[in-house]
Structure formats: structure tokens, C-alpha cells
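This document starts with one chain, in the form predicted alone, laid out as C-alpha cells.
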């Protein structure tokens, strides 16, 4: 399958689309904010006029959108994907949304002969640019096998984890771990700084031990520079943790630490920092301790 449609060219979607173009796929793109399409169009993509138009010209349609309502509108709404998709089209939703929403959208897609996968990603903008995202996929094995090579152009690991909705359950687990890692890193670095120990040296001392992690390596250097330019915005992590809390409550699973980190991020949002990178969680601790972690 060479004809791909891509809907949603934001911080993550744009570099993902560009990697598909570099791999030689014929790409039709669409975003409700027309200027977001410019770079992909310059790189050789075709301009889509709507989700319907994109789907009518594609064998595979990829959506990369902020949350469940946006995906529902893009797929099920007027002039949406299902209005233009032919039977046999494959829809791959790479957004991070509620698992139940994935299942509901997939059921309506199946009724029109469209197979669907939920395939959220992890890695943020740097890995989207590098094409090294971790992609976690839910949906039928046959559909997964058909598009795995396409997904591999955007990610270094592409793993089917189960039926439709399983990809987003996996992403919720991922986002809980990432948020709590950032909070733990923040507590530790603020403590070290307040105690008069160089946080850069603390980072170098512990990164090779049990406390070392991808989160530590990615976020501490940015915190040391006071760089909270968004690779993944706090407001989007709030959305993911909200979905995690809702899903956990539906299933009767206690997630007390997730509830705490949610309130930390809500406090930062109230303080005007919703568009900061989620590494900016450290600012919450800095404000409380009245110290800044800077190299």
C-alpha cells in the first residue's frame, strides 16, 4: 500500500508525515489549520481538502489528533474519513485517546468496511523527528501485518499488544510511568539543589545506576537549562492522565500516585504553564522549595 492519507500535522504529526514522504509514500495531508500543511506540501505531499477528500484518495488513513472528540469529528463527522473511505481502507489512529472511544470508532468504521487500528506513540517530538517512536498497536493481526512496514518508518519499535483499544491502554500505562518519573526526578533534583549539591553532578552520578532512565536522560539536561519548550505539552499530559484516571475508575483500579501528579500538573496549568513541556513539572517543586535547578 503506497497511498497514505495523514490528518493532523501538529508537533508530532508533521515530522511523522515527513518521515513517510522520505520513505517514498504518496501522501495526501489535511489539517484544520491550513498553515500546518505547508512544510509537508513543500516536501511533496498533496493537499487534502477534508477528511473525506483525504480518505477518497488513500488506501491507509492515519490520524494524529489531540483527543477523543477530535478523532470522532475527523472520522465520524460531516466530511469525515468514513464519508470518503472505500471498503477495504485501513484507518490507523495514532492519537492518544480513551480506549473506549477507540472501540466505539472502530465499530462504526467496521460497519462501513473500514478496518481500524489504535496505534498511539511515545517519544515526543525528538523521536517523531528521528523516526524512532515507540508505537503500541491494538487491532486485528491481519490489519497490523498489512501496515506494519508503514508504521516502522515512523518508529523504531512497533508492537501489537492486543485487540482494538489495547494500544491506548498501553499508552495510558506509559503516560502514568512517564509522569511519575518526571515528578520523581523533579523532587530529587530540587532536593539536591536546595542542599547545595550541584544538580548536574548528581545527574551524572546516578544516571548509570538503578535510578537511571530514559526520562532522566531526556528531561534533566533541559531542566538544567530552564528549557521547557514543548516536546510534549503539560496540557496534553493532563489529557492523558485524565483518560487514565477515568479508565482506572471504570475498572476499579486504584491509582493514587496518578491522582497526585494530575493535581501538580493542574496547578501548573492554573499558573499559566499549560503549554510548557511536561518536564516543566519541576517548576512546581522549585516554587515550593524557593530554589531553581540550573547548571
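Positions refer to the first chain, counted from 1. Computed from a predicted structure; not experimentally measured.
There is also a form predicted together with a further copy of the same chain; it is not shown, and the following applies to it.
- Just one of 169, 115, 147, 82 comes within 4.5 Å of a further copy of the same chain in the predicted bound form, counting any heavy atom, and that one is 169.
- Think of it this way: in the predicted bound form, a further copy of the same chain has a heavy atom of just one of 101, 129, 161, 222 within 4.5 Å, and the residue is 161.
- Annotated contact segment (heavy atom within 4.5 Å of a further copy of the same chain in the predicted bound form): 250-258, selected among 266-274, 30-38, 250-258, 64-72.
- Taking the partner from elsewhere, residue 88 is found to have every heavy atom lying beyond 4.5 Å of a further copy of the same chain in the predicted bound form.
- Among residues of the shown chain, residue 187 is one whose heavy atoms approach a further copy of the same chain to within 4.5 Å in the predicted bound form.
- Under a 4.5 angstroms non-hydrogen atom cutoff, a further copy of the same chain in the predicted bound form has residue 174 among its neighbouring residues.
- Under a 4.5 angstroms non-hydrogen atom cutoff, a further copy of the same chain in the predicted bound form has residue 181 among its neighbouring residues.
- Residues of 188-206 placing a heavy atom within 4.5 Å of a further copy of the same chain in the predicted bound form, in sequence order: 188, 190, 191, 192, 194, 195, 197, 201, 202, 205, 206.
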